[in-house]
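Okay, so we've got a single protein chain in two different forms coming up as C-alpha cells, structure 1 first and structure 2 after it.
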Structure 1
C-alpha cells in the first residue's frame, strides 16, 4: 500500500514536470503555424498549415547566414572537444600517477569557474590579439570552457572498462596508440553521445559568448540574430515563434538520434565520478 502510494506521487510529479515543459512548446507550435489575422486563442491549434511565418522569419532574421555560422562553430567545437577530451582522458584514467591526479584535479576544478567572471579580461585579450569576429576565436572559447566536462566524463567512463582488455591487446602486439583507437574508442559510444548532446546543445544555444565576441552582422549566430529580430519585430508574434521553432529543430534532432546512448553515458559518469 505504501509502495503504491509512493508510485502515484512520483507519477503525479512526473506528469507535472512534463506538462511544465510541454505546454510552452505546444503554444510555440500553435502560434508559429497561425496566420496573424487569425484571432482565435493561442491554445487552439489552427486547422490549417500556415507557413508564411517561417518564410518571413527566415528572410527578415537572415537565418540562412546565422544557421551557417552556428553550424560551423558547433561542429568544429564538438569535434575538437571529442578529440582532445578522449585523448587526454585515456592516460588520466589508466595511468594514475601523482602528476596525472594533479592534472585531473585541475580539470575538475575548472568546472566550477563561471565563464562570466573572466568575460571582461577575455574580451580585452581577444581584441588585442585580433580574434574578434572569427570562427577560430569563438571555437577556441567553446573548446576551452567545455573541455573539462568532456575529460571528466571520458575519464570516468574509461575507468569502468576492464584493464584486461588492455593487457590482451598488448599481448597481441598492439601499441598503446593502436590499443586506444582499436579497443577503447569503439567502447566509448555511450559517453561520446552524451558529450555530443550536452556540448552541441550548449554551443548551439550560446548567447553570451556570441554576443560579445561575434559583433559583426555577418558573423552572428542564431541566438544573437533572433534576439535582434525579436527587438525589431516584437509585434509579429507569429514570426518570433516560427524563428524560435526553426532554431530549436537541430537540437531536437541531435537528441532524438543519440538519446539511446545518453542515459548510459550519464549513468556511467555518475557512478565512477
Structure 2
C-alpha cells in the first residue's frame, strides 16, 4: 500500500516536471506555425497549420546551403576525430612510458581550456594562413578541440581490452602497428558510436567557431545563418522560430533514436572522473 502511494506521488511529480520543461518547446511550436498577422498570445496554439514561416525561413536564410555546409563540416570533422583519436589512444593506453604519460596529460589538459580564450591570436593566425571561410580550416579546428574527449574515451576503453589479445597477435608475427589495425580497431565499435554521436551533436550545434571563422554568406552554417537573420529581422519572430525548429529537429530525432549512446558518453565521465 505504502509502495503504491509512493509510485503515484512520484509519477505525478515526474509528469509535472516534464510539463514545466516542455513549455519552451511548446512556445517554439506555436510561434513557428502562427501567421505573423495573428496577434494572439504565444500560449494559444493556432487553430490552423501555417507553413509560410518555414518557406520564408528556408529561402531568406538560405538554409539549404547552410544545411549542406553544416553537414559536410560535421561528417569530415567526425571522421578525422575518429582516425586521429583512436590512433593516438593506442600507444597511450598500451605503453605507459614517462613520455607517453606527459603526452596524455597534454591532450587531456585541453579539456578545460575553452577555445574562446585564444580567439584573438587564432583569428589572426587564420587570416594569415588563408584559412578563413574554408571547410578545411574550420574542420581542423573542430577536430583539434574535440580530440581531447575522443582520446580520453578511447584510451580508457583500450585499457579494458585484455593484453592477451596483443600477445596472441604477436605470436602470429604481427607488428605493433598491424596489431592495432587488425585486432584493436574492430573492438572499438561501442565507444566509437558514443564518440560519433557526442561529437557530431556538438559540431552540428556549434555557433562560436562558425561565427568567427565562416563569415561569407556561402560558407555559413545553420546557426550563423539563423543569427544573421535574427539581427536583420528581429521582427520576423515566426521565421526565426521556424528556422530554429528545422535546425533542432535532426538532433532531437537522433537523440530519441539513439539515447543509449548519449547516456554512455556522460556515464563514462561519471565513473572515471
Partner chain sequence: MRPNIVVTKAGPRKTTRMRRLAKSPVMLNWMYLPALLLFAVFIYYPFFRGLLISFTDWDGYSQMFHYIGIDNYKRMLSDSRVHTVIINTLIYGLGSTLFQNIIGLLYALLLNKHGKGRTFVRVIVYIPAIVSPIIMGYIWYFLLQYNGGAINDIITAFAGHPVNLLGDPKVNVWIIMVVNTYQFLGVAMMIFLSGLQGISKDYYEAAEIDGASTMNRFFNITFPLLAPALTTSIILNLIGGLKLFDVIAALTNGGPGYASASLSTMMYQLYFARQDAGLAASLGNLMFLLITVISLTSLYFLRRKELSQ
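Residue numbers count along the first chain shown, from 1. On a predicted model such as this, the values are computed, not experimentally measured, just so you know. Between two forms, the rigid core is the largest collection of C-alphas that superpose within 1.5 Å.
Enquirer: Have a look at both and say which one is the form predicted together with its partner chain.
Expert: The form predicted together with its partner chain is shown as structure 2.
Enquirer: Once everything's superposed on the core, is residue 220 shifted 2 Å or more at the Cα between the two structures?
Expert: No: residue 220 shifts by under 2 Å between the two structures.
Enquirer: Is the shift of residue 208 between the two structures large enough to count as movement, that is, does its C-alpha move by 2 Å or more after the core is superposed?
Expert: It does not, since the residue 208 C-alpha is displaced less than 2 Å between the two structures after the core fit.
Enquirer: Under a superposition restricted to the rigid core, does residue 32 display a Cα displacement of 2 angstroms or more between the two structures?
Expert: Residue 32 C-alpha, core-superposed: shift of 2 Å or more.
Enquirer: Align on the rigid core first, then pass along the CA displacement of residue 248 between the two structures in angstrom.
Expert: Rounded to one decimal, the shift is 2.6 Å.
Enquirer: If the rigid core is lined up, how many Å does the C-alpha atom of residue 14 shift between the two structures?
Expert: Between its two positions, the C-alpha of residue 14 lies 6.1 Å apart after core fitting.
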